[in-house]
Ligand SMILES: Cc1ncc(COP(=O)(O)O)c(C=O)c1O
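Let's start with one chain on its own, the form predicted on its own, as structure tokens.
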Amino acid sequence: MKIELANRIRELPPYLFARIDALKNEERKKGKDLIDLGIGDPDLPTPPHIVAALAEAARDPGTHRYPSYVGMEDFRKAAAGFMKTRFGLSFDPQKEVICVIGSKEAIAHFPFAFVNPGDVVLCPDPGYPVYATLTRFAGGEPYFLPLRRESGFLPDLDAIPADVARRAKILWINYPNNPTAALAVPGFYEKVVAFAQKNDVIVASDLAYSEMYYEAPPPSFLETPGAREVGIEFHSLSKTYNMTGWRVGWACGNATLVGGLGQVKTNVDSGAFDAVQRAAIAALTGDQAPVARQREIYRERRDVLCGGLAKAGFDVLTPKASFYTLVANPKGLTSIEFASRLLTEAGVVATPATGFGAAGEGFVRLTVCADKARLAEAVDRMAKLKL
């Protein structure tokens, strides 16, 4: 019997982080001490009161059965409460909020609710790979919007050809941005709303890094006048509360968009574990001081990494939000070559920004997911390279 993968799988490029893991394993087998600044996975623990809430809920037999497809009502109320407190936005927990199994899951499923074969989806480049990959899975066509340093890593909506705009079904935006750490500037979201209204385009805002900032708190796209008529926003507890492995978040916004996502999820998954949702309620409604302390830790780490690299002569883009930073390639090296030399010669794991799209060429991405001593050591190792 001949077994063949479906074309949609065979045509996939290798998932970037899986390839990085393979390279790391090769170096570790050689006995190399690696400082892993490649993947945005918080090294800080989940706050104790959230862990305690999970433990208590997991002991309750009532959480051991199938959860609600759309999430516990108390969780949806807690998510709506967070949106009200943080952004001043009121949402109906019954119709405008849905629990998701981490924002990646929701982002992956969303195109299946609204994209027909041949529809165009506007994806940032560089950008989170899931936007484009699942567009293809749904039969849509990604159209990539280059994010350039000289334009603050914002897409030029005016440069989208009229025929592409007419065929476009979804526009993905993500600020604070991964991988560039860029922020949306005043007026940008107003342009997005105008574009969406003119071209009947759904706006999907990925706000996973809303609480990871060093200056002013980033806004929600849904705060913009008209945004709630055209948009949906994806939120995650992963980075805010160091809960990447817990897999819980929410989507909120236009009721039709939220409902469409819910219809897909009803047919695909069985909802997030109720005990995890109870822990998420404790996170969203409890003491937010750990989140503020975490920001200070990341700020100190950012200053060690970015300040040290700048002093060593690297062209580093110091971020105002997220725990990512871009470092420009030394002259004569591609992003992959630069990342490979950092790994093999310095034992520092970086992510070539080309893994997020062709327009990422020219940079590698580092994170601050290591303590200050290890970051200082990474700087020292990189400073000694003959590049």
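Remember, it's a predicted structure, so these values are computed and weren't measured experimentally. Numbers for residues come from their place in the sequence shown, where the first is 1.
One more form of this protein should be noted, the form predicted together with the ligand, which is absent from this view; the next part is about it.
Peer 1: Though the ligand is not shown, can you say which of 79, 208, 147, 280 has a heavy atom within 4.5 Å of it in the model of the complex?
Peer 2: Filtering the options by heavy-atom distance leaves 208.
Peer 1: Looking at 128, 87, 112, 195, which is the one with a non-hydrogen atom within 4.5 Å of the ligand in the model of the complex?
Peer 2: By the 4.5 Å criterion, the partner-contacting residue is 128.
Peer 1: Heavy atoms, 4.5 Å, the ligand in the model of the complex: which of 304 to 312, 162 to 170, 213 to 221, 99 to 107 makes the cut? Say which one.
Peer 2: Of the options, only 99 to 107 has residues within 4.5 Å of the partner.
Peer 1: Does residue 242 make contact with the ligand in the model of the complex, using a 4.5 Å heavy atom cut-off?
Peer 2: No - in the model of the complex, heavy atoms of residue 242 and the ligand never come within 4.5 Å of each other.
Peer 1: With heavy atoms only and a cut-off of 4.5 Å, decide whether residue 254 touches the ligand in the model of the complex.
Peer 2: It does not: once the ligand is placed as it appears in the model of the complex, residue 254 has no heavy atom within 4.5 Å of it.
Peer 1: Taking heavy atoms and a 4.5 Å cut-off, does residue 199 contact the ligand in the model of the complex?
Peer 2: Answer no; every heavy atom of residue 199 is more than 4.5 Å from the ligand in the model of the complex.
Peer 1: Taking the ligand as it sits in the model of the complex, is residue 294 in contact with it (heavy atom to heavy atom, 4.5 Å or less)?
Peer 2: No - in the model of the complex, heavy atoms of residue 294 and the ligand never come within 4.5 Å of each other.
Peer 1: Check each residue of 244 to 266 against the ligand in the model of the complex and list those with a heavy atom within 4.5 Å, in sequence order.
Peer 2: Residue within 4.5 Å: 247 only.
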